[in-house]
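Encoded as structure tokens, the following chain is the form predicted alone, with no partner shown.
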Amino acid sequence: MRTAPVPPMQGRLSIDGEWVSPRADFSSSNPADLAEVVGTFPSATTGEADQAVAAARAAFPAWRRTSRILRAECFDRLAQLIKRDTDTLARLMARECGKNVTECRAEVVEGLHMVQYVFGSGRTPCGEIVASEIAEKDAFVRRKPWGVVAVITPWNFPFAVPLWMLGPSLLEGNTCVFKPSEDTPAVGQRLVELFIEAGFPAGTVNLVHGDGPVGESLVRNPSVNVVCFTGSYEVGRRIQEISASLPDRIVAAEMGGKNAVIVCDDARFDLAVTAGILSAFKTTGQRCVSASRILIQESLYDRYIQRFREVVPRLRFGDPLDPSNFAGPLINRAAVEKVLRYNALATEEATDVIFPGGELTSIHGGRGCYLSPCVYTIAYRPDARVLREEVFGPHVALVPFQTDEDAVRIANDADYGLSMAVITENYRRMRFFRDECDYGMGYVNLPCIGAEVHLPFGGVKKSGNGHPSAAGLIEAVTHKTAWTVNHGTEIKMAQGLTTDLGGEAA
């Protein structure tokens, strides 16, 4: 529960191990009560962003040459600090992004798991030995870091997602410039403070604050080799367009979803309802993997709708610092207005609006960004915008389907392909949906939320570009090299290529 007010944080940039003097260019407010300022922060100038990139570039050679095991040891120290500060980090996150404090604590633990995974990876193999056609040759596949990685992250997972990106990048010998979301700069700054306390060398992790233009300054800088981004498709597309003109640039982008839970007629009914509720409304529907479509086989459709009518009103949306609440507010007023527009659109396109959704003005005197859930039934049609466009809020469509093939057709008829779940007891159906649906992360008899760090996190179509985050990020932040060594005293070539130079030596 709430305690005494916390003084606003004075935000700073961190460049080459030095904290720049505080500036109050913009503020971060508590979405549960917009009158509460979490902190004031500087918006980095183009020059400051360039300085941060230059610092990362200067630190790269020494960091790359550091033993991979010693780089990993830094993460062991970071893990101990995260354990020490878990509860204070969770409360700061709850105040700044509005997620319930229990979810925030789980996110801190998820970040800890990423750090532990990275630490453990430091002593695992990082290449391959392969056979050569020539007996006297040894051939190796080795990984080399690209150089400087720009890490641009969203507000809804302000602790775990940066660690999904910073962790593998730094372990493999890259150096980083981190720009957290302008909606959650306090959590981003606290994370960098922990990196510095853990003993990461100056210049390996640099921090810049600000909004889109600051991120674009990083993306336009040709000294940045890799851009790791999580956010909207529009921003991700812009990053890729700019990066396409640079010869030495990799972009790893995760860009939202229009995710579906598929409930088959053989499902365990209570499990199916719980999976649908959690998928749609946990984090107030503000996860890129949240479900805004639940597809239900016709024989269960009416029963499923009735259970939603019973369960949804019992969900408590309120103060994120109260662990008894199910979920908290939306991130800001712009998000509220966007979701309300889609709620209004649902009244035009839906068959029946079960719960229209609306502002909850009774909480904190109406100073927060609270919305109640919008739930409606709608028969599938390809021209329905509410079935195609990402909403990012407590807004879900209940859609009937007839056959498994019908469900796949509906689920795949979206521009995104991030997450999906199927609820069934039939292993043949599980396999069918596994193979036929478009997704990056699939779940059986689970919600379509709940990623684990040792699995890749990413999607297809508008959801991603083939470079997943978390455990999968190593493919983007390193490149494979072939290294072949001749142990013989003369040259023998593969494919039977002759080494005869012609004529005799003088």
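A residue's number is simply how far along the shown sequence it sits, counting from 1. Just so it is clear, the structure is predicted and the values come from calculations on it, not from any experiment.
One more form of this protein, predicted in complex with a small molecule, exists but is not displayed; see below.
**Student:** Would you please decide whether residue 289 lies within 4.5 angstroms of the small molecule in the model of the complex, comparing each non-hydrogen atom pair?
**Tutor:** Yes - in the model of the complex, heavy atoms of residue 289 and the small molecule come within 4.5 Å of each other.
**Student:** Classify residue 164 as contacting or not contacting the small molecule in the model of the complex by the rule of any non-hydrogen atom within 4.5 angstroms, answering yes or no.
**Tutor:** Judged by the heavy-atom cut-off of 4.5 Å, residue 164 is in contact with the small molecule in the model of the complex.
**Student:** Does any heavy atom of residue 450 come within 4.5 Å of a heavy atom of the small molecule in the model of the complex?
**Tutor:** Because a heavy atom of residue 450 falls inside 4.5 Å of the small molecule in the model of the complex, the answer is yes.
**Student:** Taking any heavy atom pair closer than or equal to 4.5 Å as contact, tell me whether residue 157 reaches the small molecule in the model of the complex.
**Tutor:** Yes, contact at 4.5 Å.
**Student:** With the partner removed from view, which of 420-428, 268-276, 149-157, 344-352 is the stretch that lies within 4.5 Å of the small molecule in the model of the complex, judged by heavy atom distances?
**Tutor:** Of the options given, it is 149-157.
**Student:** Going by heavy atom distances of 4.5 angstroms or less, which of 110, 404, 172, 183 would be at the interface with the small molecule in the model of the complex?
**Tutor:** Flagged contact: 110.
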